[in-house]
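There is one chain below, alone, in structure tokens, taken in the form predicted on its own.
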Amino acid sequence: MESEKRNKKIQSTMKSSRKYAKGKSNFIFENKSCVEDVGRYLEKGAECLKSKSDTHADESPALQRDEGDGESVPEMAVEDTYPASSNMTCVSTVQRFHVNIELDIMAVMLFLAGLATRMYRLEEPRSIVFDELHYGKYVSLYMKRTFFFDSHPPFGKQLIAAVAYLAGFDGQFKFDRIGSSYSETVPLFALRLVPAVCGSLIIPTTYHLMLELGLTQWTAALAGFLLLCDNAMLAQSRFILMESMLLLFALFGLLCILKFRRYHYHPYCLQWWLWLSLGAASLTCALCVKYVGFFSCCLGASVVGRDCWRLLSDRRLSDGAILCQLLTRLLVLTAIPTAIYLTIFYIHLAVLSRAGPHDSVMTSAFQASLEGGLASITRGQPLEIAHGSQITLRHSHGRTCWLHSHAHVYPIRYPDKRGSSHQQQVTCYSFKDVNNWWIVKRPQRNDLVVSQPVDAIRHGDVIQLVHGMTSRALNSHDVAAAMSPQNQEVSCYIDYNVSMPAQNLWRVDIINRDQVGDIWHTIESLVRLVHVNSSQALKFSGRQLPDWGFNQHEVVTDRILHQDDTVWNVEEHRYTKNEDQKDRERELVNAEMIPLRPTSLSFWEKFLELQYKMLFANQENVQNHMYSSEPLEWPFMARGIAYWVSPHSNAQVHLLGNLVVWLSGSVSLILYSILLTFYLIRRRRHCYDLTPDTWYRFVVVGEVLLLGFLFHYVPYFFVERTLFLHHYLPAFTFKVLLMAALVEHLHHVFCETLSWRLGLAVFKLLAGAWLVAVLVVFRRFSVLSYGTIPLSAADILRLRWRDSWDFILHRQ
């Protein structure tokens, strides 16, 4: 009897597990052989029970309970209900193999919809669209292994370049201007494929992210639908642009970090390591696409930090266990990002080994390490600077320019009525020029020819610098500089036979002599030239001279010695062979070095210099772009961006979002903030309007989504550069997710908290109308996202819903 009861209970357990599997929202496909194994397993289990019922009747109390109590048998493995000896006898021959494949049909549908909208006529328009001009050019340089400089990391460009390489792209197409047609040899589909696929994957990723936050499946689907129907997200995913890759890696990394939080009470298990490592890797990839991915990394770190804060309150853990967990997390979140970041730049520098148009941004040593370009000029030149050396002095950090002079003099008076020395102008010139050459001279010697053995210049030596073409010495007087009156003017001395004697002595200060030695070396030595009379350093001020200075950059002396703009290095160098001035001038004009051996830099030297240039060097930036916008304009989409317009019709690509989504998202931000403040005040008064679970979800949404919006939006108020609408897309994504979560919360308030049927009905009606409006606006403005349909001027004007939207029109 007892064995029969056990069989019935086991069978009821299997039935309840089948009901549970059928009741799940996602589909489960089971291996047929596994089900047959379970059947055979049950039969053997029944035989085992029958044969062992007498000897082991009292060894399975877990299944013994009063009949008719209405409790279901907990789901457990069959062998767990028997002693070990019984298992060894009866179950040891059973082969346990079970595979579950879970397929969320909603996520699949969202992905397919995203793929359809992003891949539709992907090769159209077959012209350069907006920043394809830059990113396409970078991909071409990857194909030719030519060095380029970009202020953002290279990972996104590397992904596109890898697909382009597999598609046979040779990089010969010139990305010369926006609107130029692509040639037939350009695999445009392959070039645009990676951003399109990443844009498609954003939709199901946000769906799973919302589920991980504890929201319902319909809310997650709503979030995916809103991003699917946003025109700005669509347009940004269809061209050779970086934002779709940035968003995908950021959202997937955040999803992994949230999954990692599941295992708060199960540290060091496989899933704990997996999700933490994947989260760190994905967020690092976002950083390596664009540096704004740093904000996503900060968000992920805040989520992990919040989880660590919860860990401290667990009294079951010892201090050692908590410290071990904290150190382990810190190690993973440091080691994996560092390894990925270094690997990406190692590939970048290994592939780009040839000189190109961008290498002038880098130091002379970096340029000389590349194949061709400066390396072909500087190879074979003398290493040691000596009396009689002909050199060009390059500003080492920041803007690329060379110490320069010409026969023109400073004006007698400046517009502000200040007087000048009226001496020969000294500037910093951004191009190679014969007037960039100077001759190093010992003050006590009159000749300018290098003797044998060479009289090398050392750290601390006092020298004169004689301009090669005019034979006038570099000089400085106690006269205010033209554009920087707080500094002292630098000139080449002209003897006007007045009471202003020459002050043309300079002390050589080699600031990296610990690495290169006390002798002044070509390229390698970083020097600071200190004016002997005033103890001020020769400095690039960064100011641009007016027309009388040919718009070149100002050079001054500054009493603050230790700053980057006072550092110079010798780039080109040769020894003077002729004393005659005319012969020297001919040498300077016809100078050409013979390449002997390449200059080499280690990966770490190149990497550190490139990081410095990318992160800290002041790069020129367009300040008055007609489509630039301010952060305060973004939430209300006051301005768009003209990406491309057809030369034959008014067909065009214009970056505009779905106005319904953008405006309702901004309203949602305000409403969520008001509700959060209201609930906090009420809870402070011990008025608990929400259940603990509802309140927890509401707070978690704020901790992740509202904080994500703030992380990606607020920093732009402190950025001094030209900004565009597409910079808002990461913050916009979190705003949309917050809006979907707020819709679920309001539904819960009407349905559960207030139990107001009429209010719930009105809410559902308004929500339905809102979704229809989202779809209608998306459909209407999709012509500006695809740019494939010819439009008339009247069509364009009908799409201009706001006066601040500047569309380009061809009057016909």
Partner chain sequence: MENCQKINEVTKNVKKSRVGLEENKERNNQTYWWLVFGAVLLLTAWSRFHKVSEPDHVCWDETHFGKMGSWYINRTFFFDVHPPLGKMLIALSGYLTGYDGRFAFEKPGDKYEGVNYVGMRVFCTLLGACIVPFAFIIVWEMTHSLTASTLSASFILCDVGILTLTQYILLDPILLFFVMGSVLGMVKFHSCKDRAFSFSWWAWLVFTGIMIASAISVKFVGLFVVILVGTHTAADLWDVLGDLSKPISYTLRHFLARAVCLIFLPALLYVIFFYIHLVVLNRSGNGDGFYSSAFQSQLEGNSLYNASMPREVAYGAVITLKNHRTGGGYLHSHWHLYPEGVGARQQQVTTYTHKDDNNLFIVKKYNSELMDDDDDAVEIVKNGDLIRLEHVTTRRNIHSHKEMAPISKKHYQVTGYGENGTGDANDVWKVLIVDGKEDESVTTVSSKLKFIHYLQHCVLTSSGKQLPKWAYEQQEVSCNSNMRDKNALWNVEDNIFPKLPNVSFAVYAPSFLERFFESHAVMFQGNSGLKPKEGEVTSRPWQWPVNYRGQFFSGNSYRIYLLGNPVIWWGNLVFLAIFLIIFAYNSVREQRGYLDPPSVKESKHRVFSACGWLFLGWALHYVPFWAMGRVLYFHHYFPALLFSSMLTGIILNYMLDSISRLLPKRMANGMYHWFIGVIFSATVYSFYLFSPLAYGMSGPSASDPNSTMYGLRWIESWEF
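Rigid core here is just the name for the largest C-alpha set that superposes within 1.5 Å across the two forms. The structure presented is a predicted model; accordingly, all values stated were derived computationally and were not measured. Positions refer to the first chain, counted from 1.
One more form of this protein, predicted together with the partner chain, exists but is not displayed; see below.
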Taking 4.5 angstroms as the cut-off for heavy atoms, does residue 317 touch the partner chain in the model of the complex? yes
Find out whether any non-hydrogen atom of residue 680 is located within 4.5 angstroms of the partner chain in the model of the complex, and reply yes or no. yes
Against the partner chain in the model of the complex, would residue 312 count as a contact residue? Criterion: heavy atoms within 4.5 Å. yes
Exercise: residue 384 in contact with the partner chain in the model of the complex, heavy atom 4.5 Å: no
Looking at 458-466, 560-568, 242-250, 128-136, which one sits within 4.5 Å of the partner chain in the model of the complex if you count heavy atoms only? 560-568
Name the residue from 177, 417, 648, 684 that puts a heavy atom within 4.5 Å of the partner chain in the model of the complex. 684
Taking 4.5 Å between heavy atoms as the contact cutoff, choose which of 472, 639, 613, 406 touches the partner chain in the model of the complex. 639
Check each residue of 764-801 against the partner chain in the model of the complex and list those with a heavy atom within 4.5 Å, in sequence order. 800
For residue 178, does the CA position differ by 2 Å or more between the shown form and the other one when the superposition is done on the rigid core? no
Aligned on the rigid core, do the two forms place the Cα of residue 677 2 Å or more apart, comparing between the shown form and the other one? no
So, superposing on the core, is the move of residue 168 at the CA at least 2 angstroms between the shown form and the other one? no
